[in-house]
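We begin with a single chain expressed as structure tokens, specifically the form predicted on its own.
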Amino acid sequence: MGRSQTNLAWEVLLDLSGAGPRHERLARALRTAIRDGVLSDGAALPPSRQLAEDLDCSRWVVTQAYAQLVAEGYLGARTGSATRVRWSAEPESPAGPPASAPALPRYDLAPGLPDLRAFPRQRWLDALRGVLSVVPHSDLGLPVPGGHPRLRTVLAAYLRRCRAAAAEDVLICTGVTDGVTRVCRALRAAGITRIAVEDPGWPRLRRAAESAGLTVVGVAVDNDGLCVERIPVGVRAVIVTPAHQFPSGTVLSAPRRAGLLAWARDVDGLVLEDDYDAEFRYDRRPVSTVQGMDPARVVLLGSVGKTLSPALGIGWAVIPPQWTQRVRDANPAASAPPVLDQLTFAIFVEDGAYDRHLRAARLRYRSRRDILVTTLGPTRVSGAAAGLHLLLHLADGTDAAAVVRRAAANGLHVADLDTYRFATGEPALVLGYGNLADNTVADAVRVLHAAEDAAGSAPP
């Protein structure tokens, strides 16, 4: 690998003020830059003719300054090669070891991630090349508010085909959290001050609503999903995950769906449907969206964070027509994913690569879930055969937080169910298997059992 071009010192600003001849002032400025670390060891200085032209001085001024610093040991010069810095300051006192990135766990059972090893790099690269070969120059300017028209059209067709959504106009955002934040700002501007969320549920959606100025109210979840009848009087908005509730793993039942829409009509309210894990159902076909049943009362939110990678930062929101302008007005400076990424995803969907990726991922996750359930013991596990996580119920009296700590000490990342609750409850862990390698399932479970045993036998 060649030397990094960032090791060139051609653009360093030099302070030539002060007394003395110009070649001495230049030598002093370069010496200071070297001592202060602005010019690091090995940095290449510009040729004397180039620097003389930049400083509007004679070449002699530069060669004299370079010669002086070579003699002092700050610079090294060799015929046919650039003049380079050959000096670095030793710290006067030890500063301790450099900060390092947190160590990655050996076994990743944290929820919320897909299989990052399976990201379709080559197909994504092919789609990106296709975009770059045909994209007009006008698309390389500032992003269009609301998302590129091509991706909006492609996603609308995809959501109608695969999720039975009533998607005529799709807003492109950077993820579900971003979409929730935008809608909650519009709710606040419309005078709605309280919003219900599932308990347990994703804390970041709760924080998104709070950041928009809303008061968040937790509503219990049971085996049929959100307990609609427990939404407090006066609340006119709710965030739900009907396809696969996080983290309980339940699916919103048909009676609850009907009840949720009846509630929204009765209070003139709005349902924010996070289409979480909708693509991954292993025992039967995924249920369709609630939004498709009443598009005037439901906002549909989704992203590629659980299907491809959260690093892409691509999400979408299908907003009822009467709320579209309100959402725009409440978010005048909203950001959007990079245009090239939007267009790449559009091609990825159009040519069927996204469908093929999801089919392969569905088979892989189903097999991995079956292995994990069998290894853990089916009687300890709950949650529909869907998504990328399940619940592991611990013995009564077990300190789930202690299990998490002991597991982490042995390289296993798991999550305490209490992390997602408004209040503590029966001990359980949320196990995400999306980013867990198949050949490590047995070893990960052994570490988990050891952590349970240690936490169970530890003194209170």
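Note that residue numbering begins at 1 and tracks the sequence as displayed. Bear in mind the structure is a predicted one, so any value in this text is a computation, not a measurement.
From this point on, the text means the form predicted together with a further copy of the same chain, which you will not see here.
J.: Taking a further copy of the same chain as it sits in the model of the complex, is E168 near enough to touch it, meaning that at least one heavy atom pair lies within 4.5 angstroms?
T.: E168: yes, in contact with a further copy of the same chain in the model of the complex.
J.: Could you confirm whether P378 comes within 4.5 Å of a further copy of the same chain in the model of the complex, counting heavy atoms only?
T.: Contact with a further copy of the same chain, no.
J.: Using a 4.5 angstroms cut-off on non-hydrogen atoms, would T32 count as touching a further copy of the same chain in the model of the complex?
T.: It does: once a further copy of the same chain is placed as it appears in the model of the complex, T32 has a heavy atom within 4.5 Å of it.
J.: Is A333 close enough to touch a further copy of the same chain in the model of the complex, meaning at least one heavy atom pair within 4.5 Å?
T.: A333 belongs to the contact set for a further copy of the same chain.
J.: Counting only non-hydrogen atoms and a 4.5 Å threshold, tell me whether L128, H137 and L340 all contact a further copy of the same chain in the model of the complex.
T.: So, yes: the whole triplet contacts a further copy of the same chain.
J.: Okay, which stretch from 214-222, 152-160, 251-259, 287-295 lines a further copy of the same chain in the model of the complex, with non-hydrogen atoms inside 4.5 Å?
T.: Selected range: 152-160.
J.: Only one of P203, G234, G352, P321 has a non-hydrogen atom within 4.5 angstroms of a further copy of the same chain in the model of the complex; which is it?
T.: The residue from P203, G234, G352, P321 that makes the contact is G352.
J.: Within 4.5 Å, heavy atoms only, which of L113, C227, I371, A190 is in contact with a further copy of the same chain in the model of the complex?
T.: Comparing distances to a further copy of the same chain in the model of the complex, the residue within 4.5 Å is L113.
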